[in-house]
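Before any questions on how it binds or moves, here is one chain, the form predicted on its own, in structure tokens.
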């Protein structure tokens, strides 16, 4: 009988539990057994393995986080033998890894060393190449949009500029989608270099037209030649530059880890569920060393060398966003 061992690695994201539930229930439906590895790859190295049953995943569909826990432990060549020994001891047929882009690079290393692995793209950053969307992205974007909805009222009441810093790593997917969905008045992302004058002039034009407030969304990984580096983050640096240039009272909101938290949206629950089913189907068919991807409305299996490449935010969509400024 085939035995799947599930682990979550890297940063957590809403929908991880929905994916775990999907894998477990689909596996038992197809006469397979499932184990869970607690604490990511660190748990695999320390032999922290438990049995998962349908009862183990009862009620976890709406829960954020991951019932297995996670870690940012990285695997190198010296640890391969330990992983093989653990897999042999528990008679693990294949590792089912849920994780971010760095995790996909780890999966590639495992596959190169004859460790069978399948993976699901789990990250709010949406920066994994080869898939249109990653598990957790929609929930994080929804959190950003809801935050902007609330910030609009206080910004308007006080005639302030509100700078909102989002997560996203080195990419601007969260800032772009969240900014558009939440009605941002300007969006700044790592993929597009924008001059300070363009932001300042836009804020001036809004004020002259009777809109005495502005919401500026900036991705945490943004680096601009004119923007000083700040120990407290790009949002604080940008807010200071805007206030100094415009004389308008400017406030900063760093959304932070709340973007990773909370119950997953319907879209993330469905994506995680469908990807989990696809992973188990691949196990049933004997397919290994692939990541499940959602592309063009279909589930596909792609190579880890493609998945580990960075997917940058859509510049065409960024340009279109100016229509709504």
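Computed from a predicted structure; not experimentally measured. Positions refer to the first chain, counted from 1.
Below, we refer to the form predicted in complex with a small molecule, which is not included among the displayed structures.
Site test, 11, 169 and 257 vs the small molecule in the predicted bound form, non-hydrogen atom cutoff 4.5 Å: Each of the three qualifies.
The small molecule contact in the predicted bound form: residue 98, any heavy atom under 4.5 Å: Because no heavy atom of residue 98 falls inside 4.5 Å of the small molecule in the predicted bound form, the answer is no.
Residue contact check: residue 124 to the small molecule in the predicted bound form, 4.5 Å heavy atom: Answer yes; at least one heavy atom of residue 124 falls within 4.5 Å of the small molecule in the predicted bound form.
Interface membership of residue 84, the small molecule in the predicted bound form, 4.5 Å heavy atom rule: It does not: once the small molecule is placed as it appears in the predicted bound form, residue 84 has no heavy atom within 4.5 Å of it.
Contact flag, residue 72 vs the small molecule in the predicted bound form, heavy atom cut 4.5 Å: Yes.
Proximity to the small molecule in the predicted bound form, single hit among 138, 108, 220, 185 (heavy atom within 4.5 Å): The option sitting close enough to the partner is 220.
Partner-proximal stretch of 34 to 42, 285 to 293, 52 to 60, 257 to 265 relative to the small molecule in the predicted bound form, 4.5 angstroms, heavy atom: Within 4.5 Å of the partner lies stretch 257 to 265.
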